[in-house]
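One chain comes next, on its own, written out as structure tokens in the form predicted alone.
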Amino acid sequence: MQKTLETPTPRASRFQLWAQENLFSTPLNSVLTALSSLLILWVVYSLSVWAFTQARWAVIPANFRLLMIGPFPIEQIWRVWTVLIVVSLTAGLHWGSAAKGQPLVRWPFITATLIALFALVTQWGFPLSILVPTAVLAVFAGFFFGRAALSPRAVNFTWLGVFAFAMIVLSVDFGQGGVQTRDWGGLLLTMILAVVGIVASFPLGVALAIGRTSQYPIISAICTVFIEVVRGTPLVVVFFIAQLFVPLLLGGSNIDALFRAMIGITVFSAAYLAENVRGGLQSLPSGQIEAARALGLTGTQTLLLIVLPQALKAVVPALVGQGIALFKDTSLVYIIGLKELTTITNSIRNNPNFIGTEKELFFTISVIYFIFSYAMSSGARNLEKRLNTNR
């Protein structure tokens, strides 16, 4: 019998297979996909018409410096540039050490581009011809040095020193008069509050989670009451309590309002983070703890070497989600008089010269929030890939 040659059928592309499985798998899904596509096209068309024909974008470059640093004195702007250059150098070190032995990553190039655009839009009265190249070169110098000589763990500890350096440079009197925290504002203040809240709430939240799962009833009860009370209180109320009771507890009425806000946001975030970590602790099989005890490990060694690393690894997505939520919740500090990004936006739109520019302003700050939130989410995905030991 003579065999007939069959014509090979072309393989469907990956996108076609994905669309067939997820968008057009059933008649109902096909209808929903068509309706959703029409809705998306209508939204995109409406936004495009507004953005290119109606929006008054001149309000953004005219107030961009105010959005970035608030009422920070212009004669003290060198402090912000110094911090920006040091942060650029450390970011380059971080990405260089993380990409050791791997192809060049895109983040140094993205950072350098953002710094250049940042300087051009702000148009500060400073020698930008010197500062911008310095900040850009700091990114690449740190990247190639970190790629050649540093380990990621060393750079991680460097960030703590950078934050302390930034707080000192931004506030301490160097003979020209210091800058009061009431003059900090915009994205600068938002980032400071977010960093303090995320970094400070992490060890406190882990300690609360461990305490809640403790075998000692008193410790467990205290941690449980603290977590449930704070989680049952709105963040706005926590800010007011911090403003009223922190000076009472610390014995002074002249405690800085920013410091009170830092305490409030740290306590609030720690309570939610504790519940996330507790879920990771309870997901660990009890057989591993029994095996650690059989090997002669003490309770502390079992917790630090066996239980806690696996628990934190299991709840990385939840921890990142909490960090993103905390970054956005910093907008609520306006109720206690701090001039963060949203407060500055409201003050600009109330300016008689910029009446009717609410949509442009809030669209811009929503993009700013999205950029930082997406960066945190992207970093978390990369961390999950590195921690994935099941591949």
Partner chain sequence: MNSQMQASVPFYRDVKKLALIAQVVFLVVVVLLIALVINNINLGLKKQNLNFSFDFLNQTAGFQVAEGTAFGVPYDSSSDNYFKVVFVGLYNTLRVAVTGMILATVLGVLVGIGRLSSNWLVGRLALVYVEILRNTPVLVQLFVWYFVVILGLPAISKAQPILGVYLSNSGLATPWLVQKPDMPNFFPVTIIAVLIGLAVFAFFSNQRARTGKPTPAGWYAIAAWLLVQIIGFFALGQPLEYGAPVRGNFGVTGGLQVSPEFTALLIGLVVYTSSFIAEITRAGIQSVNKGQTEAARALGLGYSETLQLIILPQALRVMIPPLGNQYLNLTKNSSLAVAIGYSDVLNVLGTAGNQSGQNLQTFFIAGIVYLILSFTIAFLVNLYNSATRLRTR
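Residue numbers count along the first chain shown, from 1. Throughout, rigid core stands for the largest set of C-alpha atoms superposing within 1.5 Å between the two forms. These figures come from a predicted structure and were not determined experimentally.
Here the subject shifts to the form predicted together with its partner chain, a form of this protein not shown in this document.
Trainee: At 4.5 Å between heavy atoms, is L332 in contact with its partner chain in the predicted complex?
Mentor: It does: once its partner chain is placed as it appears in the predicted complex, L332 has a heavy atom within 4.5 Å of it.
Trainee: So in the predicted complex, does any heavy atom of I241 sit within 4.5 Å of its partner chain?
Mentor: Looking in the predicted complex, residue contacts with its partner chain include I241, since a heavy atom lies within 4.5 Å.
Trainee: Would you check, heavy atoms only and a 4.5 Å threshold, whether R56 touches its partner chain in the predicted complex?
Mentor: Although its partner chain is absent here, R56 would stay clear of it in the predicted complex, with no heavy atoms inside 4.5 Å.
Trainee: Mark V229 yes when one of its heavy atoms lies within 4.5 Å of a heavy atom of its partner chain in the predicted complex, and no otherwise.
Mentor: Yes - in the predicted complex, heavy atoms of V229 and its partner chain come within 4.5 Å of each other.
Trainee: Name the stretch: of 215-223, 83-91, 307-315, 192-200, exactly one has residues whose heavy atoms fall within 4.5 Å of its partner chain in the predicted complex.
Mentor: Partner-contacting stretch among the options: 215-223.
Trainee: With the partner left out here, if you bring back its partner chain in the predicted complex, are I365, F370 and Y374 all within 4.5 Å of it by some heavy atom?
Mentor: Every residue of the candidate spot has a heavy atom within 4.5 Å of its partner chain in the predicted complex.
Trainee: Let me know the one among V172, V236, A291, A164 whose heavy atoms come within 4.5 Å of its partner chain in the predicted complex, would you?
Mentor: Contact with its partner chain in the predicted complex is made by V236 alone.
Trainee: Quick one: name the residues from 32-58 with any non-hydrogen atom within 4.5 angstroms of its partner chain in the predicted complex.
Mentor: The stretch touches the partner through L32, T33, S36, S37, L39, I40.
Trainee: Could you check whether the CA atom of G356 moves 2 Å or more between this form and the one not shown, using the rigid core for the fit?
Mentor: It does not, since the G356 C-alpha is displaced less than 2 Å between this form and the one not shown after the core fit.
Trainee: Quick check on G161: with the core superposed, does its CA move 2 angstroms or more between this form and the one not shown?
Mentor: Comparing the forms between this form and the one not shown, which are aligned on their rigid core, G161 does not shift its C-alpha by 2 Å or more.
Trainee: Once both forms sit on the same rigid core, is the C-alpha displacement of S366 at or above 2 Å between this form and the one not shown?
Mentor: The answer is no, as the C-alpha of S366 shifts between this form and the one not shown by less than 2 Å after core alignment.
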